[in-house]
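Okay, so here's just one chain, in structure tokens, the form predicted alone.
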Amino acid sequence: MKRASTNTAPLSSADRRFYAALAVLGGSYGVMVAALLLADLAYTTPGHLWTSLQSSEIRYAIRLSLLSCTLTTLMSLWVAIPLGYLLARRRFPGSVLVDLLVDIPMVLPPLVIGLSLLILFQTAPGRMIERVLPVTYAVPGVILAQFMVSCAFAVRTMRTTFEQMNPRAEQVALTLGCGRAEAFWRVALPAAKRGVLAAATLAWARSLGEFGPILVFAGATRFKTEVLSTTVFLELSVGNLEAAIAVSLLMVMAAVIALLLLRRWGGEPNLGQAGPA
């Protein structure tokens, strides 16, 4: 992923006015985002934040969020790496349909995904699974609801990574006697390391912020299926605004860390590109 070169030539007065107009138009959104965060920070104090985070309910939600987001990330990579590679390297019957299906969770309203999961587990196959492993309104339901959305972003990231890689190194490996699978494990996958890290970070952050599918499919029961996103909803519903803001700020910090890691791993000029063959 190559960055556009920066033009450092002197600007005319007309160019300055043009860029100033763009900065005003685009910067207004950045100012709005900063204003939202500052408003949250101004509403609470470090003392309120610490007291809220000592709540046993919130600490349970933090633990479950860390567990579910980590499992969701591993499941997303398990699907995203092979599917992203397949879509990037091969055209096969139905590939367009598969590509379309992968994108659907990214554009569907989150509540629709939760409702669809709920209906799926009311069918005969779904009830059979429920008899072995309770999913609906249980912790596996939280993980499945997060997975259905975050996996789509991981697949898209991995496909882009493999598409940007020069396939020449794999072709050389094939001519030297490697099989296709060996070329994948020994050449393509190591070269896609930064893309894998970026996909994992994106899947984890997306899982952390998921709310609608979890609320509909897994519920928001204290000490059972409560994660950080549903904690904000529960605290607001009982009028505990300080706790809701404390959890929101915690999620903002997690999001900022994830974005910094994503910029670090995903913004490198040689993301997912194979070295010189």
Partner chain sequence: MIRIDRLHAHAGSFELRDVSFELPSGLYGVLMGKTGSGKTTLLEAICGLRWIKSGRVWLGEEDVTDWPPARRGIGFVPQEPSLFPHLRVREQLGFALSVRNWSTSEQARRVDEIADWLGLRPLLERPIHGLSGGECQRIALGRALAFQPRVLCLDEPLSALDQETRDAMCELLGSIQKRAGVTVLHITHNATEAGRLADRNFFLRDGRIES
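Residue numbers count along the first chain shown, from 1. Bear in mind the structure is a predicted one, so any value in this text is a computation, not a measurement.
As for the form predicted in complex with its partner chain, it is not shown, yet the points below apply to it.
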*Which one, 120-128, 92-100, 187-195, 140-148, holds residues whose non-hydrogen atoms are within 4.5 Å of its partner chain in the predicted complex?*
187-195
*Distance check, A173 to its partner chain in the predicted complex, heavy atom within 4.5 Å*: yes
*Answer yes if any heavy atom of C178 is within 4.5 Å of a heavy atom of its partner chain in the predicted complex; otherwise answer no.*
yes
_If we define contact as a non-hydrogen atom of the residue within 4.5 angstroms of the partner, is E163 a contact of its partner chain in the predicted complex?_
no
*Do A88 and its partner chain share at least one heavy atom pair within 4.5 Å in the predicted complex?*
no
*Just one of A169, A152, I81, I113 has a heavy atom within 4.5 angstroms of its partner chain in the predicted complex, so which one?*
A169
